[in-house]
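Below sits a lone chain in structure tokens, taken as the form predicted on its own.
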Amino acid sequence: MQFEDIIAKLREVCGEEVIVDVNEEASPKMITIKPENLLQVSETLYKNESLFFDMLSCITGVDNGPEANTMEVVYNFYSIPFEHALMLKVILPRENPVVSSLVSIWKTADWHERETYDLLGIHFGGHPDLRRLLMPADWEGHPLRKDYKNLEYYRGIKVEY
């Protein structure tokens, strides 16, 4: 299946307006959708027999900084039987970055979403156990946010960088 066929199928099932941007220069080729359409699009990518993206290989969070005032979540999907790939992006407001969890569709989303939450503070609504994964449970802040301030002390111990 070609990229154009994937887009056509998503528009057929989810509506013409579901894809807000297409980037054919990205590798793999990428679509951008609104956050409120993530669950519907993801279920279509997984459940539609002609698409069958059975593998969520990566979730990446991006902080575009206070100037842009946005954050992004980028998903990489792959269909093992059909050997096609797709990158999907949602753009979130930086003050309250919330998007639906995909754990109910792909179990691999569990740790990917926890990592993204831990490092960037992006919340995944409906996640069954959204807690820190890499940082201690009582760590303050999210270290990959562009406005993150390094702690001087943690539990009374000077933190040196």
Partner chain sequence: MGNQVQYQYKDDNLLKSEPNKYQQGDLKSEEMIVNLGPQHPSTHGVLRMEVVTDGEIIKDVVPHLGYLHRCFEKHAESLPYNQTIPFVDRLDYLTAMNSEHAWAMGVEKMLGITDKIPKRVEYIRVLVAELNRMASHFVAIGTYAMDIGAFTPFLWMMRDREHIIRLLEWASGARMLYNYVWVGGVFYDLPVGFEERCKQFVDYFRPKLEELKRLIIDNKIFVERTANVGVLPLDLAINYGVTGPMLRGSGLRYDLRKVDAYSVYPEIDFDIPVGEGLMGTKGDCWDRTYVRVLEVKESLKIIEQCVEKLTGEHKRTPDFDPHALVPKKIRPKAQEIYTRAENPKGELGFYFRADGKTDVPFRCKSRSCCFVNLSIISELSKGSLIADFIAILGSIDIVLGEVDR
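Predicted, not measured: the structure shown is a model, and the values here were computed from it. Positions refer to the first chain, counted from 1.
The same protein has a further form, the form predicted together with the partner chain, not shown here; the description that follows concerns it.
Shown alone here, residue 15 lies farther than 4.5 Å from the partner chain in the predicted complex, counting heavy atoms only. For the chain shown alone, residue 9 is not a contact residue for the partner chain in the predicted complex, no non-hydrogen atom being within 4.5 angstroms.
Although the partner is absent here, residue 28 is a contact residue: one of its heavy atoms lies within 4.5 angstroms of the partner chain in the predicted complex.
Though the partner is left out of this view, residue 141 does not reach within 4.5 Å of the partner chain in the predicted complex, counting heavy atoms only.
The partner is absent here, but in the predicted complex a heavy atom of 129, alone among 95, 49, 129, 36, sits within 4.5 Å of the partner chain. For the partner-free chain shown, 105, 106, 107, 108, 111, 112, 115, 119, 120 of 98-127 come within 4.5 angstroms of the partner chain in the predicted complex, judged by any non-hydrogen atom.
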